[in-house]
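For reference, the chain that follows is the form predicted on its own, supplied as C-alpha cells.
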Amino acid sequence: MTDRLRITGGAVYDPANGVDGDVRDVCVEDGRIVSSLPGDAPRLDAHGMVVMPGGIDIHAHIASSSVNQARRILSDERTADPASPPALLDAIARSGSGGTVPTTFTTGYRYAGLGYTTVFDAAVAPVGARDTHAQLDDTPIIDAGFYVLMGNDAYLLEQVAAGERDRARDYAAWLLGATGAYAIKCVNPGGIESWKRNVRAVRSIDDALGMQGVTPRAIMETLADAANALALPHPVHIHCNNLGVAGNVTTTLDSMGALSGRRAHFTHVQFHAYAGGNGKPWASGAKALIAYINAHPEVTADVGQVMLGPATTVTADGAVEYLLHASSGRRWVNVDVELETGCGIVPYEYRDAAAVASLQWVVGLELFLLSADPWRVVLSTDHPNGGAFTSYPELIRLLMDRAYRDERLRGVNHKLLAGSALADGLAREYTLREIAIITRAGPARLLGLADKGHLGAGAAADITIYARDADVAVMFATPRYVIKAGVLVVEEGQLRRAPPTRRLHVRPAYDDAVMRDLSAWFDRYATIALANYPVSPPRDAPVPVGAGA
C-alpha cells in the first residue's frame, strides 16, 4: 500500500463538482482527494472504466437491537447463505452468514464489495444505542451512523402536550449526544404509543392520541422544528403514519403539507404512496406524491423500493407488523420498548404473482422515474424491508434499462395497475450521472456530509471503479476497485483489506436545565435508570451542527 495514488484514464462521474463522464485523473494522498500529485506517484490504470465516489446508503437497518432479533429468528437464512471469510491481507477475516439480514462482518464486507463506503442505520431506540455501537464496531470497512427514535417516547409526548417546544428541542439535543446518534427519526408519530393502547390506526394527522394537544401533526412539527433549530446536518427523518395501507397517500400528503416550508426528509415513500381504500381497490398514488415533492424543494425523500423476492420486514412500527403477520400468516416478533417505541419483525417474500407486491414494485419505480430532481429523491430499499441492499445493482438496471424494465413488468400481476404511469409506458432511463447522484452525491448532500459523495479536493478518498458491462447490474455488482479513505479495499474484484471505520454522530448544545426535569421524570416513571442511556462518546469527532442549515 501507499499513501499516494493517481487514478488515471477513467470516466469520472462526480455530479457535486459538475463532472459528467470526463476522462481525468483522480489523486489521493493520506486518505484524502488532492488536486495534484508528483509525476512519480503510483498509478492505478482505470482506462475504459467508470469512476465514482463511494456509495452512501441513507436508510438501512443493519445494527439495531431489532436487527439482532431478526438475525435470531432467521436461522434458515444462516443455513442457506453461509459467508466464508474473505482473503484479507491486513486483518483477521471473519465468517458469518448472509441472506436478507447478514451478520455484522458480512454486512460490511458485502457493502464494500458493492462499492458502498458509508451506511446509516435508520431506527435505533435510545436504550438500545449501546448495543448498536457494539454492532457497528463489528461491521468492517464502512463508515456508519444511526438515527435515534423519537416521536413515541412518553417524555417527548408530555412536552408536546404541554407546549414545551424549547424543552423538547433540548431533550432531542441531549438524546442525540447521549446516544451518539446522527439524526432524529420519527416513526408513525404517536401511532406506536397508541398501538400500546390497542388503537391500531391513525385516521388523520390531527387525531388526538391520548393526551390533549398531542397529534401526529404536533409531534412532526415539534421534531422538525427541533432539528432545524439545532441546525442538524440532516433534517428530521420521518416514517409517516399508516405505512402499507391502501389510501395512505392522503396521510403522506397531509404530513408533508403540515411541514410546508420546513426542511424534512420523508423516508421509504413507496410504502406511503398507495391510493384506494374505503372500499376502493389498491392503486398507485405515486403521481400525486411525486408531484408534491417536485413542487416543494424543502422536501426530500428516499424511495424504499420493493424488490421482488425475499425480504425481512424490520421496523419500529409494530402496528403494521401485526397487520402483515395477520394477513400473511408468517411468523413474527413484536416487542414494546419501554417508554420509547416498539419493534416488529416478519420474514416476507414479495412475489410477482401477488397483486399488492406487484403494485408496490411499480409504485417505487414510478417515484424514481417521475422525480424531477434526483438530488432530492434518492435510492433505498429500506433494507431489508423492501429487499436486501445486495439487490441495489438489479434496481439500478431497472432504472437505466427500459427494455429490461418492460420485460420484468410483463411478468408481474397487473390486477391493480390500472392507471399506473409505469404500465402506461414510462420511457425514462437514468444516466450514469443520475445514478451517481441518487447513490452518492445526493445522499451526501441530504446528510450534510461535506467530505463524502464527491471527488473534489479535500473529500475523503472513498472511490469506486467499475468495469463497464452491457448488463449494468453486473457492472454495479462487481466493482473492479474500491478505495476507502485511501486504502485499496477491493482489488481486481476481490476484497483484500479492511481499514478502520468512522462513527458519524452529532453532539448539539442544549440547556442543562432540561436534565433536572428529565431526571425527576425518569425517577417517577421508568424502570431503566436515566444513567443507563448515555454511551461512551465515539472515538471520532462529531460532525459539526450547522452543516445542513
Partner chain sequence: MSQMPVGGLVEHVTCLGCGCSCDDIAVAVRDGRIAEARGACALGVSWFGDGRVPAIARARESTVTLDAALDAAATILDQARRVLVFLALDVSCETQRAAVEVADTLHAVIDGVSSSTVAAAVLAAQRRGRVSATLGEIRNRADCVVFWGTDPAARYPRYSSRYAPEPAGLFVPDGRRSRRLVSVDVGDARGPADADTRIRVRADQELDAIAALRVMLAGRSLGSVPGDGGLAELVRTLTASHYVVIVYDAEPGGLPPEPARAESLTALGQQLNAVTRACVTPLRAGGNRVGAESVLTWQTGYPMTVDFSRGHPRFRPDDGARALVAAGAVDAVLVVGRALGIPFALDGLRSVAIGPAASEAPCEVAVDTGVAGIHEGGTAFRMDDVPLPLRAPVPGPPVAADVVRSLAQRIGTRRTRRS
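Residue numbers count along the first chain shown, from 1. Since the model is a prediction, treat every value here as computed from it, not as a measurement.
Keep in mind that the form predicted together with the partner chain is not shown, yet the notes after this line are about it.
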item	value
Among the candidates Tyr292, Tyr350, Tyr322, Tyr404, the residue which, in the predicted bound form, approaches the partner chain to within 4.5 Å (heavy atoms)	Tyr322
The single option of Asp137, Asp225, Glu164, Glu298 touching the partner chain in the predicted bound form, heavy atom within 4.5 Å	Asp137
Partner contact for Thr104 in the predicted bound form: the partner chain, 4.5 angstroms, heavy atom	yes
4.5 Å heavy atom contact, Asn242 to the partner chain in the predicted bound form	no
Contact label in the predicted bound form: Thr341 to the partner chain, heavy atom within 4.5 Å	yes
is_contact(Ser519, the partner chain) in the predicted bound form, heavy atom dist at most 4.5 Å	no
Heavy atom contact within 4.5 Å of the partner chain in the predicted bound form, the stretch among 268-276, 70-78, 140-148, 171-179	70-78
Gly96, Glu158 and Trp332 all contacting the partner chain in the predicted bound form, non-hydrogen atom within 4.5 Å	yes
Heavy atom within 4.5 Å of the partner chain in the predicted bound form - qualifying residues of 25-50	none
